[in-house]
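Let's start with one chain on its own, the form predicted on its own, as structure tokens.
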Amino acid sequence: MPPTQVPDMVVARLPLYLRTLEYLQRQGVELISSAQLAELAGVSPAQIRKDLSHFGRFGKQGTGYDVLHLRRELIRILGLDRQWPMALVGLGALGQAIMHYGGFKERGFHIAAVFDSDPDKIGKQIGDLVVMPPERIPHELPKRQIQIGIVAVPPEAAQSVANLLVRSGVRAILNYAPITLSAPPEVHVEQIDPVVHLQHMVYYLRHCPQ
């Protein structure tokens, strides 16, 4: 099946499978059944088999999955067999935490450019990078071949920042601002809002008996 025809929910579960396989590899597990993998990933065995069938045949009847092989295949399918440069816009408390997060690089991502509109931050050295004003985005992103943008600005500025990123060639946006962004259909937007998830959970605390 062509990549564009794979259901988005299937693609969304692949990183969960990959994370589980990475855990298993660290534990020294070499082979695992679909039932065991499903239990660790929080889905059904049938769901795993159906999801993976979109991309080929990976398991063997009576043997299960080779953990290392399946991990490598998921890395290839997800496009993580290369490093993806990203642009971070917003260097407040959240942006600084994102900037110093060590989990990006080991999973195929790195921040290659950082922008902020605060004159006190522009020109400062953050690791190997120098903070630039947002006006530099259209010049810097194509030069650095950046297709992923991270938005960590106040909600009132988020849409204009997203528009600027899209005009500068970004095709995927990770949005930390507490607002739903509008983007062209060819641009994939992922929303990261922990408050929304907390509100979701509190509903069950309020309405489900103990």
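One-based numbering along the sequence shown. In this text, all values refer to a predicted model and were calculated from it rather than measured experimentally.
The protein also exists as the form predicted in complex with a further copy of the same chain; that form is not presented, and the subsequent description refers to it.
**Student:** If the criterion is a non-hydrogen atom within 4.5 angstroms, does every one of M86, H188 and L205 touch a further copy of the same chain in the model of the complex?
**Tutor:** Spot residues vs a further copy of the same chain: full contact, yes.
**Student:** Of these, D81, D128, E135, D120, which has a heavy atom no more than 4.5 Å from a further copy of the same chain in the model of the complex?
**Tutor:** Only one listed residue qualifies here, and that residue is D81.
**Student:** Can you say which of 160-168, 44-52, 142-150, 28-36 gets within 4.5 Å of a further copy of the same chain in the model of the complex, counting heavy atoms only?
**Tutor:** Selected range: 142-150.
**Student:** Does the 4.5 Å heavy atom contact test between Y176 and a further copy of the same chain in the model of the complex come out positive?
**Tutor:** Heavy-atom contact with a further copy of the same chain at 4.5 Å: present for Y176.
**Student:** Considering only heavy atoms, tell me if P155 and a further copy of the same chain come within 4.5 Å of each other in the model of the complex.
**Tutor:** Result yes; P155 sits at the interface with a further copy of the same chain in the model of the complex.
**Student:** Although a further copy of the same chain is absent from this view, report whether R107 comes within 4.5 Å of it in the model of the complex, heavy atoms only.
**Tutor:** Yes - in the model of the complex, heavy atoms of R107 and a further copy of the same chain come within 4.5 Å of each other.
**Student:** Quick one: is L68 in contact with a further copy of the same chain in the model of the complex, heavy atoms, 4.5 Å cut-off?
**Tutor:** Residue-level check for L68: no, no contact with a further copy of the same chain.
**Student:** Taking only heavy atoms into account, state which residues of 16-39 are within 4.5 Å of a further copy of the same chain in the model of the complex, ordered by sequence.
**Tutor:** Sequence-ordered list: L16, L18, R19, Y23, R26.
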